[in-house]
Ligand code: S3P
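Here you get one chain, nothing else, as structure tokens; it is the form predicted on its own.
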Amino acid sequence: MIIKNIFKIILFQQLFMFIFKKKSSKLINNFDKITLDKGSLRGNIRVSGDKSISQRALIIGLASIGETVIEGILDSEDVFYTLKAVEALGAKINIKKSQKLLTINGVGIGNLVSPKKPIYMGNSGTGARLLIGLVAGSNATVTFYGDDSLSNRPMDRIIDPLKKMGASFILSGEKKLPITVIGARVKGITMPIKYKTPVASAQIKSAIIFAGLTARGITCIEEPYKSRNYTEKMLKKCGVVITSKINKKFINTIKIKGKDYLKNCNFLIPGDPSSAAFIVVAALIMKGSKVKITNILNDNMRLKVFKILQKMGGKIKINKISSDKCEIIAEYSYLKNIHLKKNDSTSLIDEFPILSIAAACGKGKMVMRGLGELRFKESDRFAAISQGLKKCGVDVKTYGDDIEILGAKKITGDSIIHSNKDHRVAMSFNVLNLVVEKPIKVIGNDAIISSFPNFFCTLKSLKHE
């Protein structure tokens, strides 16, 4: 595997850091000149910390009393903006570069600082939605804004329940950023509510949970399917009483009891399975490849994508290392496409773009149902998958919220793909570049820095001559 780029020396010095080292603007400006060429991938790598858990650890540290220690935090753009927001809301953060860890002295659940300036969240939907929830249950008044992509993402799904809890909002009729949040405790108390979410979403659920920390009583949330539950797991560690129960119709009910304070905890962030998925699929579709990835979060929902790839014939071994970590070994495989049900979508919401690349390289028809929520991510991923693959010569059909992909032995490529500031779309089509007949030009590779800054560096480290 070769990276065609006159700036590759700069690229592989890994200057691209946010928390532990300043970013290189020169590197950002030349990301779109990178093209991956064919070549097998072989070797061992360790993926960086999980983005969602890194952001939650920062927010919980802010809401805790005492010192929180975070080790293994993902050093990416999204996490950086969440860190800066946490500081603006009153947390004292000490970054220890030599040990690659940081400490947070929080202000408590409802005692956030009202910053003098609006808080910029970049493209971080997770950071923005979860912090809006935390502010909604506090005594602070905060304005949040983001980049063009984040400013086009809907916020009504969290605003409606947070209003019922007593928070007030100043916003446009479209209910998108910028948004000013006036916490429920500014004029009264945080009210516990019983709320049914329209979709299974960890971000919606987590926003309500963070607001519910200061409620007087029990807040109850029902979601149509179980979504990722790391907010619940991490808050339990801090002494919060949270229960969840799934009934026979797959409805997940979460109950959280309001609390006076969070005890401080330390967090060791495991590696991001979503980032690992890009490397695994690259190995599965590139002849002669075999890679081993360590330090991966061991969580059934987050590992679902690898189990789906196994069902497709992927030669993947998942070895449990500890209760919360595992390693994955993947090698080139002859993939056969399968049908995925609607209730698989909540476990794969971030992995559908790269899973679609595997499907394009597989045999037969891949059917993926219930993908409507993809329209509300960093970009319209539903359109990005279907339209992008069609541009590359892949037979794709869409029906409502379902996508059908007919795998092909040869994929033309020879197209221009715009990421629309979506990191997962950019990485997915860069991976497809490994097997196409003619190169794909991906516009907007700079979006990758939001979650996997060393994506290209990692692929280079696996280069096999």
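These numbers come from a predicted model, not from an experiment. Note that residue numbering begins at 1 and tracks the sequence as displayed.
Although not depicted, the form predicted together with this ligand is the subject of the following passage.
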query	finding
Segment that reaches this ligand in the model of the complex - one of 245-253, 348-356, 107-115, 279-287, heavy atoms within 4.5 Å	348-356
Thr126, heavy atom within 4.5 angstroms of this ligand in the model of the complex	yes
Contact flag, Ala184 vs this ligand in the model of the complex, heavy atom cut 4.5 Å	no
Touches this ligand in the model of the complex: Lys363 (any heavy atom, 4.5 Å)	no
This ligand contact at Ala202 in the model of the complex, heavy atom, 4.5 Å	yes
The unique member of Lys257, Lys175, Lys377, Lys342 whose heavy atoms fall within 4.5 Å of this ligand in the model of the complex	Lys377
Residues of stretch 48-81 in contact with this ligand in the model of the complex (4.5 Å, non-hydrogen atom)	Lys51, Ser52, Arg56
